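Presented as C-alpha cells, the chain that follows is alone, the form predicted on its own.
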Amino acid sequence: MHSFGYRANALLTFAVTILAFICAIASFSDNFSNQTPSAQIQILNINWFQKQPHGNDEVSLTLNITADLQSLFTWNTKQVFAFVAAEYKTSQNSLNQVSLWDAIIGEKEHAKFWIQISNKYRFIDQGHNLRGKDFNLTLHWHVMPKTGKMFADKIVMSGYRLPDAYR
C-alpha cells in the first residue's frame, strides 16, 4: 500500500497538471477573439513651446483623446495599460518616443472614453530638435491577461507638426 504522502503527492500533481491544462486552453482561446480597437487624437492647442535654460526644447499640448478599446477585453483580460506617445526622428536617433499620457483600464465599461487633457508627462527633447519637427501621436496598449501571454499593439496617427519658432 502507498502511504498518505504518496497519495497526496499524486493528487496534488494531478490537480496542478489539470490547472495548467485549463490555463493553456484559456490563453489559447484569446487567439479567436475579434479585436478592433479604434482611436483618434487631436491637438487642440500648443500651450507653450519653449527652450529651457539648459538648451532642451519643451512643449505643452492640450490633447483630445477618443478611444474605444472595449474589443480588447475578453473573459481572460485582467487589465489594459494604454499610453499616448509622441514619436519623431532626429539626426541622433531614428526613433524618439516621449510618453504624454497613460492609464490603466481595469474594466470593459471604462475602455470607451473621451478625455481632454494637457500632456501628463513633459514633452522634452534633449537638444533643440523640435522646432518645425513632424511627429506622430501613437496610442499603444498592453493587454494583461489573467493567464497566458501579455500582448501589445498600437495605432499610429501621423501628420502633426510643431511650430518653427518658440512661443
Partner chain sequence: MDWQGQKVVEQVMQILLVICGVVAVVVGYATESFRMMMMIYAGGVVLATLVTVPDWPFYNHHPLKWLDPSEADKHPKPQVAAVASKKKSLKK
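The term rigid core refers to the maximal set of C-alpha atoms that superpose within 1.5 Å between the two forms. Just so you know, these numbers come straight off a predicted model, no measurement behind them. Numbering follows the first chain given and starts at 1.
Beyond the structure shown, there is the form predicted in complex with the partner chain, which is absent from this document and is the topic of what follows.
K.L.:
Quick one: does residue 75 come within 4.5 Å of the partner chain in the predicted bound form, counting heavy atoms only?
P.N.:
Residue 75: yes, in contact with the partner chain in the predicted bound form.
K.L.:
Given that the partner is absent here, does residue 99 sit within 4.5 Å of the partner chain in the predicted bound form, heavy atoms only?
P.N.:
The answer is no: residue 99 has no heavy atom within 4.5 Å of the partner chain.
K.L.:
Can you work out whether residue 156 and the partner chain are in contact in the predicted bound form, taking contact to mean some heavy atom pair no more than 4.5 Å apart?
P.N.:
No, residue 156 stays farther than 4.5 Å from the partner chain in the predicted bound form.
K.L.:
According to a 4.5 angstroms non-hydrogen atom cut-off, is residue 26 in contact with the partner chain in the predicted bound form?
P.N.:
Taking the distances in the predicted bound form, the answer for residue 26 is yes, it comes within 4.5 Å of the partner chain.
K.L.:
Three residues, 2, 10 and 14; all within 4.5 Å of the partner chain in the predicted bound form via heavy atoms?
P.N.:
Verified in the predicted bound form; spot residues all in contact, yes.
K.L.:
For 131-156: residues with a non-hydrogen atom within 4.5 angstroms of the partner chain in the predicted bound form?
P.N.:
The stretch 131-156, when checked against the partner chain in the predicted bound form, contributes 146, 147 at the 4.5 Å heavy-atom cut-off.
K.L.:
Relative to the superposed rigid core, does residue 7 relocate between this form and the one not shown - that is, does its Cα move 2 Å or more?
P.N.:
The answer is yes; the displacement is at least 2 Å.
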